[in-house]
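Only one chain is included here, represented as structure tokens and corresponding to the form predicted alone.
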């Protein structure tokens, strides 16, 4: 009996297992952490209940009859008006009433299928890229998608050919315009940034000097100044008969601005590559282009993924500055729609809605970057 008691396994204290152990190690490991945890809980207690009450509990959800995927869903007998909602809680019927402008701006309703088609093409392109992971000619397919996708998207949204009605860019707006500016800015500025980073690392004095001057000048100037220059100064270099679209001017300014930041991020990745990699590439007889394309850049870009995504997220948020040159993005639509005589004073609901949409998009970008880091990580073990 005594031998059995000596060899019996000891019972682990409850404080060393499960949720209690996690709380002790992560939130109450010291008196400072315990005080900060209690303070954080108190702050959440102050903020969250009133916010939930305003957004959900006391909010107005009387949308009337809503058509969703071909089915009519009746939420209430009639949609609530501005006077019905009051001012003590959120009035979400305002968002439902103005959702088209938040999404498409002044884009013709009968042509809204075109930006919708671009959206589904985007999803299809991502699915195809995921499926061709082990395909023999995946690089050719990926390059074809990269080249053709912007062209097809522009033809669909802008029109003017293939029997499509032309839609002026001043009618573009809302989330559609935000996505266009952000995606074009990122896709165009990325290769330019790589070239600038290589130019700043170049041994050729002229290329190095010009790349450095461009990067340092752009980084020393705020984006709002670049947008003003692109909108008002750039047309001065062209003839009066040449019609230079305002959106195109903004896209050029944003792409050049972001390229300077991408260049510094990529340059940081290039500097992190051991010198032996350069020497090994030279030893096997690779020229400058092959050395960078096959050996150096893949490693540098893998290291730079977190910072590249961070810069992309910053650009996505900076797209709201296009309001100053007369382009109506999603944030600008809040001020415009809240000036409707039937929905005066509903800016708060609009800003909350835009915040939630932007958070979903930017958080998705952040999660996608984590997947890219894991996918290209050659050091993790299965």
Partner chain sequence: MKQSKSLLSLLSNNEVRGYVFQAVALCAIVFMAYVAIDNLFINIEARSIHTGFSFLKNRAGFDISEFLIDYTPEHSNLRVFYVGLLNTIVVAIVGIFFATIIGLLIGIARLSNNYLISKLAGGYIELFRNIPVLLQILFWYNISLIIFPHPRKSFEFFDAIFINKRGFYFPKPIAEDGFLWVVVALVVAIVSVIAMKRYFKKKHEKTGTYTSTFLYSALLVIGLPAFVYFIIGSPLHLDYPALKGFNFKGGMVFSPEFTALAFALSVYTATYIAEAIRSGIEAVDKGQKEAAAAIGLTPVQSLKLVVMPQALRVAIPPTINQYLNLTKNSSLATAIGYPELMSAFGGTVLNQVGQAVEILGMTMLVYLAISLTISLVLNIVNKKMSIKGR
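Remember, it's a predicted structure, so these values are computed and weren't measured experimentally. Residue numbers count along the first chain shown, from 1. Each form is matched to the other, and the largest set of C-alpha atoms that superpose within 1.5 Å is called the rigid core.
This next part talks about the form predicted together with its partner chain, which is not shown.
Inset, instruction - Can you work out whether its partner chain is within 4.5 angstroms of a heavy atom in all three of 179, 278 and 372 in the predicted complex? - result: Checked in the predicted complex: no contact with its partner chain for any of the three.
Legend entry - Any non-hydrogen atom of residue 261 within 4.5 angstroms of its partner chain in the predicted complex: Looking in the predicted complex, residue contacts with its partner chain include residue 261, since a heavy atom lies within 4.5 Å.
Inset, instruction - Tell me, yes or no, whether residue 309 is in contact with its partner chain in the predicted complex, where a contact means a heavy atom of each within 4.5 Å. - result: Flag for residue 309 set to no.
Inset, instruction - Flag residue 225 as yes or no: does it have a non-hydrogen atom within 4.5 angstroms of any non-hydrogen atom of its partner chain in the predicted complex? - result: Judged by the heavy-atom cut-off of 4.5 Å, residue 225 is in contact with its partner chain in the predicted complex.
Inset, instruction - Examine residue 290 and determine whether its closest non-hydrogen atom to its partner chain in the predicted complex is within 4.5 angstroms. - result: Residue 290: no contact with its partner chain in the predicted complex.
Legend entry - Segment that reaches its partner chain in the predicted complex - one of 297-305, 149-157, 180-188, 209-217, heavy atoms within 4.5 Å: Only one stretch passes the 4.5 Å heavy-atom test: 209-217.
Inset, instruction - Identify, from the list 78, 284, 221, 143, the residue with a heavy atom within 4.5 Å of its partner chain in the predicted complex. - result: The residue from 78, 284, 221, 143 that makes the contact is 221.
Inset, instruction - Could you list which residues of 341-366 come within 4.5 Å of its partner chain in the predicted complex, counting heavy atoms only? - result: If the 4.5 Å heavy-atom criterion is applied to its partner chain in the predicted complex, 341-366 yields 347, 348, 351, 352, 354, 355, 358, 359, 362, 363, 366.
Legend entry - Flag for residue 282, CA shift 2 Å or larger between the shown form and the other one after aligning core: Result for residue 282: yes, a 2 Å-plus shift.
Legend entry - residue 339 C-alpha shift between the shown form and the other one of 2 Å or more, rigid core reference: No, shifts by less than 2 Å.
Inset, instruction - Superpose the two forms on their rigid core, then report whether the C-alpha of residue 26 is displaced by 2 angstroms or more between the shown form and the other one. - result: After core superposition, the C-alpha of residue 26 moves 2 Å or more between the shown form and the other one.
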